[in-house]
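Listed next as structure tokens is one chain, alone, in the form predicted on its own.
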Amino acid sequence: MHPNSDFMHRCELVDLTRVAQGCFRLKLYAPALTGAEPGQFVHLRAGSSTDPLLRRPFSIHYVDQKAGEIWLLIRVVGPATSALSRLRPGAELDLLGPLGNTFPAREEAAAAMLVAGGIGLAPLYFLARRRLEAGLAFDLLLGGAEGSSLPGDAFFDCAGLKPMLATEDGSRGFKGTVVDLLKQRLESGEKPSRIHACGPVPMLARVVDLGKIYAVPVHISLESLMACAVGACLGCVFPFKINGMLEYRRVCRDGPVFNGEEAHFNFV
């Protein structure tokens, strides 16, 4: 299976900014991709050679339609992301996209709660800005190990966002994990229409559990390594339990956004 040529793009890097410790925002001039929706991703080649061999998936962090740009948020964790962090404006990048599905009920008027762990902020920032632009109520909760691992206040202020922060060392905002913060909010009586979450799998499992306890629907955006990103290789499957039967779904083709209540975390 090969992606349609409409999904293959050469894009120019317009800007690369360090926004937190080991975390960078890339702005790419890609007018053909500005129809992307929150939750979708691109599959990007991090170098011009076969090293690294495989492309890397990155959630679309925001779309600036007037500027013809898409934004990506990356955290340096290995050679591929390290190479991306050293690029300079004018560099050309090869990517496939937009790929995947989107968050449901994006335009629902009832208040939603967006819960991000670390780099899981990338798609939820996009969703938050879309809701803000549409005048729709939401709360954005963001957690990290320490304050320096999260973008500074100016990163959010310039977009009109006011996230509630949680750090495990207590250096910024609530002391504890973002799930602890979510639990506190739900225990206090808050009742969002739904929860949208993205972050590490153990975090997502706990968010889904809280959703079940407080009867709040949860949608999760899964992060996964992908070889093809078009559903052919089955390298990114994740277990789900549907009507009592275990099924494996492809994060790239069937997701990355799923009904959290159906995710079978016990197999992870």
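On a predicted model such as this, the values are computed, not experimentally measured, just so you know. Position 1 is the first residue in the sequence shown; the rest follow in order.
Form predicted in complex with a small molecule: not shown, discussed below.
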Using 4.5 Å between non-hydrogen atoms, is P256 touching the small molecule in the predicted bound form? yes
Do A80 and the small molecule share at least one heavy atom pair within 4.5 Å in the predicted bound form? yes
Using a 4.5 Å heavy atom cut-off, state whether L181 contacts the small molecule in the predicted bound form. no
I'd like to check something about R56: if you look in the predicted bound form, is any of its heavy atoms closer than or equal to 4.5 Å to a heavy atom of the small molecule? yes
Out of L28, M203, L222, A36, which one falls within 4.5 Å of the small molecule in the predicted bound form, going by heavy atoms? L222
Heavy atom within 4.5 Å of the small molecule in the predicted bound form, from candidates M226, V63, V218, L210, belongs to M226
Spot the stretch among 118 to 126, 159 to 167, 185 to 193, 88 to 96 with residues whose non-hydrogen atoms come within 4.5 Å of the small molecule in the predicted bound form. 118 to 126
